[in-house]
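Shown below, as structure tokens, is a lone chain in the form predicted on its own; questions about how it binds or moves come after it.
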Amino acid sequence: MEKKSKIKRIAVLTSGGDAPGMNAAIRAVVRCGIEAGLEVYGIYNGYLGMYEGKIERMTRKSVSEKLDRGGTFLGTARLPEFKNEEVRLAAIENLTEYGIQGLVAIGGDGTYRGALSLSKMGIKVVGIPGTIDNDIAGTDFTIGFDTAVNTAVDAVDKLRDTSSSHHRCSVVEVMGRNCGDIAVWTGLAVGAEVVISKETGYNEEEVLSIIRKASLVKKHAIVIVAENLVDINELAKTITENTQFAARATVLGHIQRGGSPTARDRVLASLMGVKAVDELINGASGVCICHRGGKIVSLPIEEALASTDERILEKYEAFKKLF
């Protein structure tokens, strides 16, 4: 049934780092919007595309066969200059030219801050959390996180085979510069001996003690490290020199961003896309869509960004009890 709405035209963009499931979210926004009687536009390359006027009307066909694709077919880019009011004003002028009255912005905290600024300038904006790091505290899960963890787990499982054969310790760096969710979830899933993240901290002697203990009962050991916290090559060297294991360092890197999204990410993205359109139709602005306690809800962006996130520490406490 067509919903009545004062909004007639909306747009959707993806910004910041890409994440598996973004295409599913775009698809949901486009199809739900069209079903509600709206014109829906896609903005290419995020806020940069908004600034440059790279805007195109979407149809149901535009998003066909996109559900299972990783990345984002709309493209993404970073535009630090978007923090400048004159840049935002030029971007808003392009939206006005197309008659666009509402925007769905899919991305991480940088995307949210841009969306919040637009909202304060009179544009109706709803954010959807699309980032593999799971670093939006207002939501239990972000789009792309589940896929990234599964990719990391698959890679570490393969490394375990060779580590066990050669009696080694694998030191594996995963993504998550400002949030250790990928590291802790991967560590739990692969049975790692050690997880090092911003939240868990790093104590070299403690790490070496745990690895020595593992060498008494296992043929291999696994250390998971969140990016940019320690030099994993130096850590591998230290483990080799001070334990019974020869350690090898592996950086998983951007393979964690790619790949077909898991079923969980596809469903989460689809539900969030539908909710975002409903929020715009109902007149909301400056809010983001969150998964909280098994429900899809909306939350003021400012509140989501300011939330204290204790989830990772709870997981790490469980991790420590297992090893």
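In this text, all values refer to a predicted model and were calculated from it rather than measured experimentally. One rule holds for the numbers: they count along the sequence shown, beginning at 1.
Keep in mind that the form predicted in complex with a small molecule is missing from the display, and what follows is about it.
The partner is not drawn, yet in the predicted complex one stretch among 252 to 260, 292 to 300, 265 to 273, 39 to 47 has residues with heavy atoms inside 4.5 Å of the small molecule: 252 to 260. Proximity to the small molecule in the predicted complex, defined as a heavy atom within 4.5 Å, holds among Ile224, Ile136, Ile128, Ile132 only for Ile132. This chain appears without its partner; in the predicted complex, the one residue of Ile196, Met175, Val207, Leu74 with a heavy atom within 4.5 Å of the small molecule is Met175. In the predicted complex, the small molecule lies within 4.5 Å of some heavy atom of Arg78.
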